[in-house]
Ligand SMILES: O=P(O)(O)OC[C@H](O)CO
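Below sits a lone chain in structure tokens, taken as the form predicted alone.
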């Protein structure tokens, strides 16, 4: 029991990435009055030129920068006509989270049905805020696998881990933003400042993909599978002593209207998105494909009969891609914890002549010293398989290109950048973008989703960015004779060493 309690506390420590909650600020009403939706626009009219293509093909566009990914979500929320379905591991009520909530409320006010499914362990919001949002007649919030965060006291949370350790560790890591069953954004980003380059101290280099048309039907089926799962419980049933009472959202609207919280120049970019979309289409950057495959694990991942192992559909799909690689595998993963199975797969590939490069976080850039500690213990074994390893620099030169322009104009410093993209390119022709980290937690415990894109054009574009990040100004190459661990303080190195007690299976 004591050992499990220690593990619980360490788990909560390493996966926590909460943000300070911003205070609502009263806003001049004249500013709010100038912000309005263009009623002459709709998602259907903007998609009309590609309507026929969407019936038989899937349109693919990679969202590399956080600001662009945020703008796309905002515009889609503003012009959704029927439904918005959201599935996330983390949903924080920081600046980006509050503005996202405002867009969802205003969509719901127009009659759009909004469903939000979020994992219990990483709901970074006050319980009353969750209930207030859930009280809207057109918004329904469900909590996945509750019992470790919302509506429970510390004793109940500890008991959950102590008596049902495997189930308590099975989290939902899927990330999906779907509008009108027509357009989907999926990939590495959660809903919080640091995933959209808006945090003042630490941001993630991440990647999403926007999908239109054919494959969105399968994504919708997956979402409904999770939504209807017995593991997904309505928020007002999870939070004790709660009632689903109506509320008004004036304070939320005022916060979002305040130009100090949501810069007018960003709103202008959202307003101009239809023109941007037309330019993307005309440039050929929106690629239409006959076969795009969205792979998602089932709720619960596995039945727990094999303890903390068991795998899932996403794990099997990735193993199959590695086994069939012929010439090259290029990977970005924030956490790199390999088991004997993974090391054997990579060794077999390099023996076939496959060149493998992996970019992961350095100790200086990581937000998760627990995961890094386990990677550090197996780093030499992985290098001996013939894999080349690169570790992301916290002051990578590329952050100047990626960081939101508006925030660069307001800061006297550049925030630290850490890697969060989960991407694999195989043989320069197949790209995988998703939520899967190369670690046992993604392989066996968390439900994950990946999009497999068989396109040389998409692969070329993604690899162009990856090649930049492999360069010395953005990453160190780690070898058997060199690693950059000494680039951090002795305290952080000691902290990392002390985490080696945590079993690899839960990292």
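Keep in mind that this is a model prediction, so the values were computed, not measured. Positions refer to the first chain, counted from 1.
Not pictured, yet referred to below: the form predicted in complex with this ligand.
Engineer: Is it the case that 173, 422 and 437 all touch this ligand in the predicted complex, with a non-hydrogen atom of each within 4.5 angstroms?
Structural biologist: Per the other structure, all of 173, 422 and 437 touch this ligand.
Engineer: Where does this ligand sit in the predicted complex: which of 466-474, 453-461, 440-448, 51-59, heavy atoms within 4.5 Å?
Structural biologist: Among the listed stretches, the partner-contacting one is 440-448.
Engineer: Taking 4.5 angstroms as the cut-off for heavy atoms, does residue 190 touch this ligand in the predicted complex?
Structural biologist: Answer yes; at least one heavy atom of residue 190 falls within 4.5 Å of this ligand in the predicted complex.
Engineer: Indicate whether residue 335 is a 4.5 Å heavy atom neighbour of this ligand in the predicted complex.
Structural biologist: Answer yes; at least one heavy atom of residue 335 falls within 4.5 Å of this ligand in the predicted complex.
Engineer: How about residue 195 - does it come within 4.5 Å of this ligand in the predicted complex, if we only consider non-hydrogen atoms?
Structural biologist: Close contact exists here: in the predicted complex, residue 195 approaches this ligand to within 4.5 Å, heavy atoms only.
Engineer: Any chance residue 89 has a heavy atom within 4.5 Å of this ligand in the predicted complex?
Structural biologist: It does: once this ligand is placed as it appears in the predicted complex, residue 89 has a heavy atom within 4.5 Å of it.
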